[in-house]
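Included below are structure tokens for two forms of one protein chain, each presented in isolation as structure 1 and structure 2.
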Structure 1
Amino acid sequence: MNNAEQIKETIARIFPDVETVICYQQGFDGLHATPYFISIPEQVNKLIWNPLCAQNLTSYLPSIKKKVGIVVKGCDSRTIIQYLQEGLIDRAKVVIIGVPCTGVISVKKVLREIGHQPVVDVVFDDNGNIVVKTQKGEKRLAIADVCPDKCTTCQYPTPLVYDHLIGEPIASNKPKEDVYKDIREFDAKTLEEKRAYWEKEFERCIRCYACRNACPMCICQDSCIAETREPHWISQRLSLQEKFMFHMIHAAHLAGRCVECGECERVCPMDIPVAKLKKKINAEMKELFNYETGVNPDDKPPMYTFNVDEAKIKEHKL
């Protein structure tokens, strides 16, 4: 029995206990999965489970008051742990169906490979490939080559917290020291290069706030200071300055909280690498406080606490 069948069976079993289950169904074409809210067990037949199920469904949890079941991958489970650290959800009201994950697919990367053609059909073979058929032919791509960047250094393929585990746990085979390699490489550039890079990227921002609204840890949502007039942090002018500021607001508010699910970057319609800023801060959190987000429910986010003597923070000399 494959994972999809096992998930369906598990959902059927937990049903009287939960009012809704959040999982995935096929989206508007073969290349897109989309979140699926099940409220009666019969709906489960439309559920899908494959590497296209990339969204972090846990984003919905803090706003749902009812008891809910949810399908999570290893990376998604870190969000749940972070929620628990911050007291944002009631663990007793969430039934977690954990699924060990060997890597998902970045639709953006696939589209690049197939030249943004409309998709006719998508199948997965047994050798870790996705086969995408378009009017112009068929393309076989190794999932590992079209996965989101986060998968290439994934340390937690198996959910860290769950009530039901589908299949066997998987251990990570990715070296831990590579997690922040991209950040170190980028940081090695000159200040001018880095400034120019961000200015070019942020210039495209249309301020749709998809990154913020899709972010599981952006819990202010309707009261976000990016939109309030009092305080008036950013204006409605369309300058680079305003866009830059918005992304700094997003990043700073996620300091020591970002679970690196990559949703902000996945959803950006303008292809801005917004997750990078947050990852940089996470790298510093690791270095300064040996803190890793969403791993241990008993941890405290580093910005919520302090040590009288900080081992790693040295006074800066002028």
Structure 2
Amino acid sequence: MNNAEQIKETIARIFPDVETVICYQQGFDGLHATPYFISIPEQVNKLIWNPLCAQNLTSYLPSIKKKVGIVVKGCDSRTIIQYLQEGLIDRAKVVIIGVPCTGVISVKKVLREIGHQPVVDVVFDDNGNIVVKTQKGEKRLAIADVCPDKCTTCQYPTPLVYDHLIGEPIASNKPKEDVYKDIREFDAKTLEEKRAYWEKEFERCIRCYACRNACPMCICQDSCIAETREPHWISQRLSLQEKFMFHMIHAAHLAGRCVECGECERVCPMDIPVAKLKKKINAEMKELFNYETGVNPDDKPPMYTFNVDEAKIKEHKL
């Protein structure tokens, strides 16, 4: 029995105890999956589970008050742990169906490989490949070559918290020292080079706020500083200065909270590497506080605590 069938069976078993189950179904074409809300067991037949299931579905949890079931990957489960740490969800009202993940695909990377042609069909083989069929033929791509950047360093392919685990746990085969390798390489640049890099990237930003809207930890959208006029920190102008201000505030508000799910980067229509900012702050949190977001439910996020003297911060000597 494959994982999709096991998920369906598990959902059927938990349904008397939950009102809704959040999972995935096929999207508008063969290359896209979309969130799927099951309210009766008979709807389970539309459920899919494959490398198209890239979205972090946990974003819905803080706003849902009834008892729900949810299908999560390893990276998604870190969001649930962070929610629990911050008191944003009630654990008793969430039934977690964990599914070990061998990697998802980046739709953007696949579309680039096929020249943005309309997709007729998509098939996954048993050798870790995706076969994309278009009107001009088909192209076989290794999933490892078209996965999001987060998958290349993933340390938690198996969910860290769950009520039901589908299949066998998977251990990460990615070196831990490579997680922040790209950040260390970027830090080696001069300040002028870093500034020029971000000016070039943010120049493309259209202030659509897709990165904020998709972020599971951006829970205060109704009073987001990007739109509030009390206080009035930034305007709606499309100047580079205003773009910088928004992205710096967004990153700062995720200090010690970003679970590196990559949703901000996945949804960016301008292909800006916005996750790099949050990942840089996570690297600092690891260095200064030995804290990794969404890993240990008993941890307290660094920004939720206060110590007069921090072990690795010598502000009194500045």
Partner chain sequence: MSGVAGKELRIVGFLCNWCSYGGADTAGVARFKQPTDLRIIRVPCSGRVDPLFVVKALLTGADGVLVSGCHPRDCHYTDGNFYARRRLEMLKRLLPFIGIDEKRFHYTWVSASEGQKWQQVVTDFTNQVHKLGPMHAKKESEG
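For numbering, take structure 1's sequence and count from 1. Bear in mind that the values here come from a model prediction, so they are computed numbers and not experimental data. Rigid core here is just the name for the largest C-alpha set that superposes within 1.5 Å across the two forms.
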{"query": "Number assigned to the form predicted together with the partner chain in this pair", "finding": "1"}
{"query": "Post core alignment: D17 C-alpha displaced by 2 Å or more between structure 1 and structure 2", "finding": "no"}
{"query": "Distance the CA of F306 travels between structure 1 and structure 2 [rigid core superposed, Å]", "finding": "2.7"}
